[in-house]
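Next comes just one chain, in structure tokens: the form predicted alone.
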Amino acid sequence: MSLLVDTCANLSLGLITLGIVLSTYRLIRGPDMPDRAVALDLIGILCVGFMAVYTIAKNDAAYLPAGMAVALMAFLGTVAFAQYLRHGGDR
């Protein structure tokens, strides 16, 4: 791989990792359940992005099916949480 692709991949991986750390802080800190749900969904999306960039950096497509599985689980979790809140939540 070229030096430019390696540099961009490493920079992207670092920024995505920073995003995951900041989202984890929001997940722990709150203040309420919808904020935590959005933070958890964002962590899932960032993990998928991390896997995609890592796949490009290593030139190995083995991580793409795992990324698709994580994306599906994050989507289903978001839908389930929205239904939970729609039906009253923990009142």
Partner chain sequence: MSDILVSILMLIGSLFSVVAALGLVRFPDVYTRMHAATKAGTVGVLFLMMAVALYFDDGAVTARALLVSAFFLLTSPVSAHMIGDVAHKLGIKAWAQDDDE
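Numbering follows the first chain given and starts at 1. Quick caveat: nothing in here was measured; it's all calculated off a predicted structure.
Not on display, but discussed next: the form predicted together with the partner chain.
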- Ile28, heavy atom within 4.5 angstroms of the partner chain in the predicted bound form: no
- Query: Going by heavy atoms, what in 11-43 lies within 4.5 angstroms of the partner chain in the predicted bound form?
  - Reply: Leu11, Ser12, Leu15, Ile16, Leu18, Gly19, Leu22, Ser23, Tyr25, Arg26, Pro31, Asp32, Pro34, Asp35, Ala37, Val38, Ala39, Asp41, Leu42
